[in-house]
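One chain comes next, on its own, written as structure tokens: the form predicted on its own.
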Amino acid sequence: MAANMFVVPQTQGTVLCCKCGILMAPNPANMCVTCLRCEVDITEGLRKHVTIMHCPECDCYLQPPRTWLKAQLESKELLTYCVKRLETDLKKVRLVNAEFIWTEPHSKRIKVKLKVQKKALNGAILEQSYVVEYVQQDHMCESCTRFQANPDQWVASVQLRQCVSHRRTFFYLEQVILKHDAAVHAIKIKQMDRGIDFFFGNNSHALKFVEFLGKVVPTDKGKRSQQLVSHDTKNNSYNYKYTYSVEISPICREDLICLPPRFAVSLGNFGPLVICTRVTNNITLLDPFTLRQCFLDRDQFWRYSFKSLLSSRQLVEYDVFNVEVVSPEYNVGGCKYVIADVEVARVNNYSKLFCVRTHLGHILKPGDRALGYDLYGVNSNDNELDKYIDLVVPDVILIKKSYEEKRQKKRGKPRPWKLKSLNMELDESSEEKMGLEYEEFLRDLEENPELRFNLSLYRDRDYQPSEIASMADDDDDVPSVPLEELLADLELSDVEDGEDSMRE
């Protein structure tokens, strides 16, 4: 276009408001915004006050008719819940925005500011904001009401058992449950002889817990029983109490096992004398003479259902006099092993020397002590072992290196880490025995990095190392938990968990 060409300026037309007469931009209603709001209220007929039911015990809100929703103050879940309570009103208008207005937490009032749009006179779209006040009325939900009336009243229980003479498996399982919050719905946990009982207020929570147990330990399929509590003949409804009996495999880590002949042949002539090196949802077996490894799932184990020949409670301490390496180092399942011929003798009896083959050649040296099973002097009544006629049973099978003599110097000294524990009713009659077994479990955690891989260890804020203790620790080779593995960011406050929930 030419620079000197005449251009007609564009101007926006204005009209007079039919009410107040001021100049304004034309719109379908021919009214200014102020007059339009005075004439038309698009929030008319919409509820400004709503009553909601709130459970003060579990901090849940009732979603009619019977659903309880857990939500925190000023959370996205609570805002969604508040808006849904106005679902019938919001069909008349278009919701643009919703936000909370701050109120005192103890005022039992929740205020939400809503911005809505609606067509007004002659098709004009009007946008308006208004505040809805929600009044909380305390009303306990069914589960909290049942628990308050009788804390011992439960709907489903899980009876977890293991037929062994120690509780090392339950100490490990307790830490796994805490890490995954698997027992968060349990209303009561009680320690029993050779097991733990978990009580739940809902049958679905118990089923979910049984499913979790099958993923972390080798359990059987479980047995279910139910007892009729009440029956309403009018609506034909029944109330039951459910009980789930779950048994954990009696095979534990460091156990010596004699495999049944048929099972050993099915595994390619594996064993038959093997050591259990790891227990998760599978059982890991190791032949200490050939370094062959085998993994058993729970279906394979319960099909043959064999038992341990000797358990960790029967370990004997030996002194190591000579070590002769036979093979190079092998990596089996992430662990390093070296086959060696070792001369050992019982700590309290040097009259008999044993020359045995072991898989611990990479950590044993003359002068060390080792823990093993004395097959020379044990009286075994195992039926599976008697089926092997030509089997040459070794005199000693070494399991692990012993640090008991070096730990005597550190006895009574605190550890720089702690573990959480479940809120459980303990059996006071076996408190002393449990203390010794729990100390053995803590030592196992220090000696085995694989064992603490799936657990959460927390730094002890009250631990104050001394210079003498640190110098003594540098001189010996006693295993300990590195500080890098401790959870420093997730410190456990005494206010939340209580000092009683910690065990050293």
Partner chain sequence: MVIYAGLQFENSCEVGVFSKLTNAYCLVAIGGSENFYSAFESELADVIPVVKTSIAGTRIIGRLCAGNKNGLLVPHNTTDQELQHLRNSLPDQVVVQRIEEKLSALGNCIACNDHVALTHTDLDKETEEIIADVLGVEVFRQTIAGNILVGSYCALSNRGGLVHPHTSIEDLDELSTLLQVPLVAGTINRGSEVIAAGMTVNDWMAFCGSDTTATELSVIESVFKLREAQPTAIVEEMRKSLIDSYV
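Rigid core (definition): largest C-alpha set, two forms, superposition within 1.5 Å. Residue numbers count along the first chain shown, from 1. From a predicted model like this one, the values you see are computed outputs, not experimental measurements.
The discussion below concerns the form predicted together with its partner chain, not included here.
Engineer: Counting only non-hydrogen atoms, choose the one of 24-32, 61-69, 433-441, 46-54 that falls within 4.5 Å of its partner chain in the predicted complex.
Structural biologist: Only one stretch passes the 4.5 Å heavy-atom test: 24-32.
Engineer: Within 4.5 Å, heavy atoms only: does residue 450 come near its partner chain in the predicted complex?
Structural biologist: No, no contact at 4.5 Å.
Engineer: I'd like to know if residue 17 sits close to its partner chain in the predicted complex, meaning any non-hydrogen atom pair within 4.5 angstroms.
Structural biologist: Looking in the predicted complex, residue contacts with its partner chain include residue 17, since a heavy atom lies within 4.5 Å.
Engineer: Although its partner chain is absent from this view, report whether residue 41 comes within 4.5 Å of it in the predicted complex, heavy atoms only.
Structural biologist: Outside the cut-off, so no.
Engineer: Once you line up the core, how about residue 29: does its CA shift reach 2 Å between this form and the one not shown?
Structural biologist: Yes, its C-alpha moves 2 Å or more.
Engineer: If the two forms are fitted on the core, does residue 442 show a Cα displacement reaching 2 angstroms between this form and the one not shown?
Structural biologist: Where the cores coincide, residue 442 shows only a C-alpha shift between this form and the one not shown that is less than 2 Å.
Engineer: Is there a C-alpha shift of 2 Å or more at residue 40 between this form and the one not shown once the rigid core is superposed?
Structural biologist: Residue 40: C-alpha displaced by 2 Å or more between this form and the one not shown.
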